[in-house]
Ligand code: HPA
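First, one chain by itself in structure tokens, the form predicted alone.
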């Protein structure tokens, strides 16, 4: 067992799907995995392992923000030998053509966080998805006939920004959407020699002001879940 994950050795698959919301982890396990077993309930951050099309897959909640996600990603790669992590989360659109419920696959993740500044001593690292996983997700999306936007996203440390127009700086440079975790995921995957990819569903739009409910985010973003699972077994 690690400090924050109470799983015994061998309980976690090589491939882990990682939603921020632990209830979304439970939803994926109960609705998509065969014979799911809950291996973690520490701090209510559910983790499950089951099979999908005969292949072992785990799903583990991460909580909100890069500091919380980093705890679980470090322990999964370092203590449990996980090989790949795919974040399945929600995001806010920064572009007019990126609509509510659209799928975004993050090729890279810009950030306003100081975490990488600390790690790289104020040099600028570019957190990037694993190309092989991105290519698999693209093929899976074509197979499932799920359209998506691929490109750069923003991983922000600030949800309630004092400057309500700051997002326009990122939007003006083509950033597709904002969330709070992926830059840390991509950086840690690189550190441990693992693979990482983020697949997001647009839950709200900073452009139009539209938004989905928390229940919708937990239970209805199924295309993202299907795409991640298809990528996991491809």
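What we label the rigid core is the largest C-alpha set whose atoms superpose within 1.5 Å from one form to the other. Everything quoted here is computed from the prediction, not taken from an experiment. Positions refer to the first chain, counted from 1.
Absent from the display: the form predicted together with the ligand. The rest refers to it.
Taken together, the three residues 14, 85 and 195 all stay farther than 4.5 Å from the ligand in the predicted bound form, as judged by their closest heavy atom. Checked against the ligand in the predicted bound form, the residues 69, 178, 188, 29 give one hit for a heavy atom within 4.5 Å, which is 178.
Of the residues 38, 33, 45, 206, just one reaches the ligand in the predicted bound form with a heavy atom at 4.5 Å or closer; this is 206. Stretch 89 to 97 is the contacting one of 106 to 114, 89 to 97, 125 to 133, 139 to 147, since its residues have non-hydrogen atoms within 4.5 Å of the ligand in the predicted bound form.
At a distance threshold of 4.5 angstroms between non-hydrogen atoms, residue 120 is out of contact with the ligand in the predicted bound form. With the core superposed, residue 226 shows a C-alpha displacement below 2 Å between this form and the one not shown.
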